[in-house]
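Quick heads-up: it's one chain on its own, the form predicted on its own, in structure tokens.
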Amino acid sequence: MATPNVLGIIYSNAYDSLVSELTSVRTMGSVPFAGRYRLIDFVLSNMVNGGIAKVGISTKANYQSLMDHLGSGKPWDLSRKRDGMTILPPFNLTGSGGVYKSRLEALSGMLQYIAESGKDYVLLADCNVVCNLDYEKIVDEHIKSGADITIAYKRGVAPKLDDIMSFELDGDKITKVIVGETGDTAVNYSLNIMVLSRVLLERLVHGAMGQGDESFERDVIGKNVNALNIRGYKVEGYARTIDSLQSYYDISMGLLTGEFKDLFAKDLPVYTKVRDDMPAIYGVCAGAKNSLVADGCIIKGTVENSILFRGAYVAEGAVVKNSIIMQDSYISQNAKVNCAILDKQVVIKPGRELSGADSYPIYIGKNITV
């Protein structure tokens, strides 16, 4: 079943504060991931692969990098006369005249855009969930079940998010919603991917804002769990939620243990901005083991268990282990980097040594020279 009547809404700034090191100059959606992608590429590709041709992207702060990455939406086939991609401004329409403060205010600020979309259904999603899902199946199941709201969830230890929703279910029906951290106990936790009708979303947001509510999770979903038919859609495959710098590092490193194949399914391609570059070049004495190395990298030293983004340079005698080296960073001669995250265009001078730990990786910010 095609999904031409679905509007996609992506929150590009959700949970920025949890990875402030990475989001001080960018949104969560534009955080680099897996050597050549940005986090928004996954949710945007999921929508396009699911037949969703009209997508609104909610912004709040630091979104210049996001706009540069997305451009007109052409890599995702969203540069079109009808439908296509729209970057929504970070201002609410609730009368305060300022930038929205919550997910609920963000939705209130885009109600006119949602109403004018003419779509029957709306699919909401965040950028901090790394997954490759068939959104068409979620929408089909939502329509087939007759649910008012369908929320994708996963079984396991919930991420450390203040507003994380966990569920009790009777079959597929959600009977109770708990908002807040749940500790280390396995629960059914929300992936913040949900489908509902456009008319219902408008009614719920208008009602909540009229009552002065602030939390979408608690005041819209939680309060209506008995009044509405809210169902869960269990995700069995790969889905990881970034809730800290440590989780970003752990999830990235997990790609080197075989999870790369789980995330990048052949029938569900992940699209991104194209950067024409030469293939990676390896010097005579170079060594690379169990690493993701993007196009445009030059490796003359040793790289092990690491992820190198496009344009990274590892000089002679340099050793990079268990690290994430972002775009156009330069590791000079005889430098050693271990358990570190180097942002874009970082320079490590000759002979310098940086070493963190698996449980506490070092982070070096964009354009910094060490």
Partner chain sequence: MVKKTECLAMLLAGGQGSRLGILTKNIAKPAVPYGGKYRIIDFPLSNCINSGIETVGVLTQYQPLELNDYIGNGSPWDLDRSYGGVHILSPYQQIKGTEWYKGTANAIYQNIHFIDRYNPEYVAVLSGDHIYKMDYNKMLEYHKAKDAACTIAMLEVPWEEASRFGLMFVNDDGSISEFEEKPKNPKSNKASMGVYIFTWSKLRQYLIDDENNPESGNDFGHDVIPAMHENGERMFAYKFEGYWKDVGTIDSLWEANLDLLNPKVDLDLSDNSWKIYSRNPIAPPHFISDKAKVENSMIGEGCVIDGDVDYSILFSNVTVEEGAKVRYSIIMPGTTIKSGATVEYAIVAENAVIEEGAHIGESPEEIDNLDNWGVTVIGEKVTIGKNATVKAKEMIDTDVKEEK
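Values in this document were obtained by computation on a predicted structure and should not be read as measured data. Positions refer to the first chain, counted from 1.
The protein also exists as the form predicted in complex with the partner chain; that form is not presented, and the subsequent description refers to it.
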If you check in the predicted bound form, is T182 within 4.5 Å of the partner chain, heavy atoms only?
no
I'd like to know whether L292 contacts the partner chain in the predicted bound form, with contact meaning heavy atoms within 4.5 angstroms.
yes
Is there any non-hydrogen atom of H69 lying within 4.5 Å of the partner chain in the predicted bound form?
no
Can K54 be called a contact residue for the partner chain in the predicted bound form at 4.5 Å between heavy atoms?
no
Looking at 218 to 226, 198 to 206, 252 to 260, 166 to 174, which lies within 4.5 angstroms of the partner chain in the predicted bound form, counting heavy atoms?
252 to 260
Could you work out which of V157, A280, L245, A115 is the residue within 4.5 angstroms of the partner chain in the predicted bound form, going by heavy atoms?
A280
Considering K344, K336, R36, K60, which brings a non-hydrogen atom within 4.5 Å of the partner chain in the predicted bound form?
R36
Hey, which residues along 58 to 82 are within 4.5 angstroms of the partner chain in the predicted bound form, non-hydrogen atoms only?
K74
